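To begin, one chain is listed below as structure tokens, in the form predicted alone.
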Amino acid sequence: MSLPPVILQVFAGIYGLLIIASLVCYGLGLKQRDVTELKQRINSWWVMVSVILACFAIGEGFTIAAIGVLSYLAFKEFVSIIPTRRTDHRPIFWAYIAIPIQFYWIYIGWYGMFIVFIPMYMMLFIPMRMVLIGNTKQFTVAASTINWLLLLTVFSLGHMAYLIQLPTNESVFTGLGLVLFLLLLTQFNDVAQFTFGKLFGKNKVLAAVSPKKTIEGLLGGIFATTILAVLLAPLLTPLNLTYSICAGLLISLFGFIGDVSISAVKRDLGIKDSGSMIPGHGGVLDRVDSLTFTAPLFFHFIRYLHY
């Protein structure tokens, strides 16, 4: 499928930034600096941006399927790091089965089923299946954990895919533009908070959960992300100036909350990263932690305003 020129222009801007970042990294390497992790991060971004562009170019259905695969990988990674009982394997199997079903509802645009399948039908089915197995030890913890994982990695991320199915007409921008807007702002917010924290960070914001997060990094990320939202909203979304500022504030603040929420899980489990699939970044869950919060909130924000 041919992509709208504005989306191609935004991708051209992203590749321009990656070229600058690669040149800076190369320059630091010439000065004998240790840039191994930075180089891995930038190389991974080249791959991730190219994969997203390829999905967009192939088509909207393929992009929905790709987000489904992302949800599967995040769910699988989460299951691999939490303690489970042997008898949990069968309910977890049914949770895996729920992933393609949930994305099928999205693919056919059945909003009513999309919005209740995981929060209602799977929420009831998982404990019912566990009751039939008969192991009552830590039943409440196991049922709550499996349902929370489904909500976080499948239901929440599914909202990003459903942006593609929002109605398109002459006065409303395409769903792919909304997905790109959400992805760009959420990932830029992570980078901006990290950069501002490195440059100006002095005061811890949540020392017990994520010791490297600072108030200066948080405020700098919110400011920079909101500015980017104002610049990109006229290109990719139907949001006016006031609502683009609201979108920037919403994504930056709740992106931070999503990030530290998964950090709390990892701290509880005594691990640094959720996996090693993405060099320099950790696992899939490390990369989509902010999206688990920003995707549903941005979806319902823009759906309420324009659809």
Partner chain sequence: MKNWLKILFFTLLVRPIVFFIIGLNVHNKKNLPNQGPAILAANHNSHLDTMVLMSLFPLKQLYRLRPVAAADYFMKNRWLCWFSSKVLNIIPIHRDGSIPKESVLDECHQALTNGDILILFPEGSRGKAEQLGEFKKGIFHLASTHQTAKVIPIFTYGLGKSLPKGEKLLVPFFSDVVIGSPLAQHDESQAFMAALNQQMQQLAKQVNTGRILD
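Positions refer to the first chain, counted from 1. Predicted model, so just to flag it, every value in this text is computed and none were measured.
Beyond the structure shown, there is the form predicted together with the partner chain, which is absent from this document and is the topic of what follows.
Under a 4.5 angstroms non-hydrogen atom cutoff, the partner chain in the predicted bound form has Phe93 among its neighbouring residues. Within this chain, Val51 is remote from the site of the partner chain in the predicted bound form, having no heavy atom within 4.5 Å. Contact annotation: Ser144 falls outside 4.5 Å of the partner chain in the predicted bound form, judged by heavy atom distances. Taking the partner from the other structure, the partner chain in the predicted bound form has a heavy atom within 4.5 Å of a heavy atom of Glu77. Screening 214-222, 194-202, 229-237, 133-141 for residues having heavy atoms within 4.5 Å of the partner chain in the predicted bound form returns a single hit, 133-141. Though the partner chain is absent from this view, in the predicted bound form it lies within 4.5 Å of a heavy atom of just one residue from Val35, Ala66, Leu249, Met277, which is Met277. Between the options Ile115, Ile82, Ala98, Leu183, the residue in contact with the partner chain in the predicted bound form by a heavy atom within 4.5 angstroms is Ile82.
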